[in-house]
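One chain is shown next in structure tokens, namely the form predicted on its own.
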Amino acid sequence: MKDGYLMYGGDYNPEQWLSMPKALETDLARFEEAGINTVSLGIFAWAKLEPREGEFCFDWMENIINRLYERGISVILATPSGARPHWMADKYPEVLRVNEMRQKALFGARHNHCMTSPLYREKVGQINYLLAERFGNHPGVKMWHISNEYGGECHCELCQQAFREWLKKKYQTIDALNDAWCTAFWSHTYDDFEQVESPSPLGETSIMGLILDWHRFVSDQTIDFMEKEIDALRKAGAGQPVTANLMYHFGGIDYFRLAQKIDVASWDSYPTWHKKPEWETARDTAFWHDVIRSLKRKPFLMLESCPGATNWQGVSKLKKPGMVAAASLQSIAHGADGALYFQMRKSRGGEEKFHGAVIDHYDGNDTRTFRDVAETGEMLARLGEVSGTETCARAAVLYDWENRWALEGSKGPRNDGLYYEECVEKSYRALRRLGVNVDVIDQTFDLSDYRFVAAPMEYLFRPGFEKKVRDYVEKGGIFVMTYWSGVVDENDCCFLGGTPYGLMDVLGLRSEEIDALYDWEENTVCQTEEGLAGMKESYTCKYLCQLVKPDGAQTLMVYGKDFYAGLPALLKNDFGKGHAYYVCADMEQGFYDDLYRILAGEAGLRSPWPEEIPEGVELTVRSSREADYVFLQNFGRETVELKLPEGEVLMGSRDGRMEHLEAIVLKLERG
């Protein structure tokens, strides 16, 4: 990443066009016209780079990198491990994955490889080393793109044995494993590590400790595979930063752990724009931008998005005028130093021949999509000075991968949906509605940097998390925890002696029961006489209602009906220098909006915007030492008019008027 320069471009697959050299000439001209300055190259090119075992053909790639460099276009060079060539699967079937039913896959699709296979690791290391040896010092290669969208799992015997070794290292003895997994239930005790198999519908799926450790193993094995890919580049002398493109809502890998091994976090963003009101989709997309940024708490990349219709979604909806620019700008506002697309040129055949692209089958520069891309390129060129600036957040919301795994397999209290991510996003949205930046973190993060922390539905506590929360509140933090938190340990074994585990005195209460509501049921929570100024008289709740026994905490709201009418639904407890709040039910968004407005003031969180932010308008701030860059985007349907403070308008109207999908970017110098 580079100051004064926002990456703009996307995935380029010239290996599909080597028999049509005129296409390259057209591409180069169109890239210049559209303001493209960066392309990702070689992601699925292994069959062209090594068409037969040991026969490497890199000249075509060097020619293209040279031609791009001559035009001022940088390359993010990929390692090709996401899709290996046919000859490898034919000669070395061990590289093919085995599914949970113990069926070996045939050659096909992509990401169909075993990450444990020593042979596959050797082949990947070899081609990565040779690519880095050839291009690691090329001035046009600015970054390495490691594989593509890591994911999936293999249940072959190689992986089974690796899993057993992983377990031996973690537990040392089979007795320790049995105790941690509570295998005495249903008489599922193991006598030896060799008896352990990965979860399968044909075998064991009832031991949550096994399922959680399998998730951890698959995640660790994927990260280890990625590390070996990076090691090969480094051994060959490549010093450029590395990234790996992550995915929306993907649960298979703990991205917080993976991010520790790469230099730049990036992700592939494919919202279903226009399916719902744009402001709703924008809120969800904003959350994931902040998840990816928070992985390393520094600028990231939106490495893929679509400039047109995304062909693999249920409905291939065109992007309406202004949407391409609005989506790209949103990523920049949330801390991206680049907005890139899949794909630069539409393929002639295959899975994604109808996927949107900068250049379509027509080849011309007078399509609506090409004009949208070119206008977006001009916009980002004007905003180059924000590159490298940071996103400073004093509020955080927890979203934890291991907690998510545990909730998804917990067997109650609602097997038809616990709505964990929705619960997290309610806290996130309420804070963003106030115009404050928000980090999205997991339980491993240090909390001391934040004035306000929300921990929604932290069902599983990792070791030591309760102490971290205790220290945070005791030293003056404002902390919010919700229902169904602190229930189990890292192996999904229930805590004894009362919950939320280790925090009953911090929260001033003890959990007693939790009522799961049918989808058609709802309850209300109502103000008490003491109440909380700024809250409405009542709110609606659904899905889950926890019943707690106060022990020092002040009851601020109570349930309105059912047999637990009058019992606490919102509580506050003073602990040390800080305050801890507990939300007992799955509350509507408006509840969080009102509560967090009050708590933000208590925590001293300040928005740079003095007025209330209109519904549908998103405000985000990036900062340098000299200035704050305020991004305002109108994802609502109505025109809004804002009174702008004094400052330089880098983009948009000085009069503060924004139509649907329009934006204003302000530069506010620091005194």
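Remember, it's a predicted structure, so these values are computed and weren't measured experimentally. Start at 1 with the first residue shown and count on from there.
Omitted from view is the form predicted together with a small molecule, to which the following refers.
Figure note: of the listed segments 556-564, 227-235, 88-96, 350-358, the one touching the small molecule in the predicted bound form, with heavy atoms no more than 4.5 Å away, is 350-358. Between the options Phe465, Phe342, Trp401, Tyr543, the residue in contact with the small molecule in the predicted bound form by a heavy atom within 4.5 angstroms is Phe342. Here is the short version: of Tyr362, Phe185, Tyr518, Trp312, the single residue with a heavy atom within 4.5 Å of the small molecule in the predicted bound form is Trp312. The small molecule in the predicted bound form comes within 4.5 Å of a heavy atom belonging to Glu149.
Although the partner is absent here, Phe250 is not a contact residue: none of its heavy atoms lies within 4.5 angstroms of the small molecule in the predicted bound form. Using a 4.5 Å cutoff between non-hydrogen atoms, Arg110 counts as a contact of the small molecule in the predicted bound form. Residue contact with the small molecule in the predicted bound form: Asn245 places a heavy atom within 4.5 Å of it.
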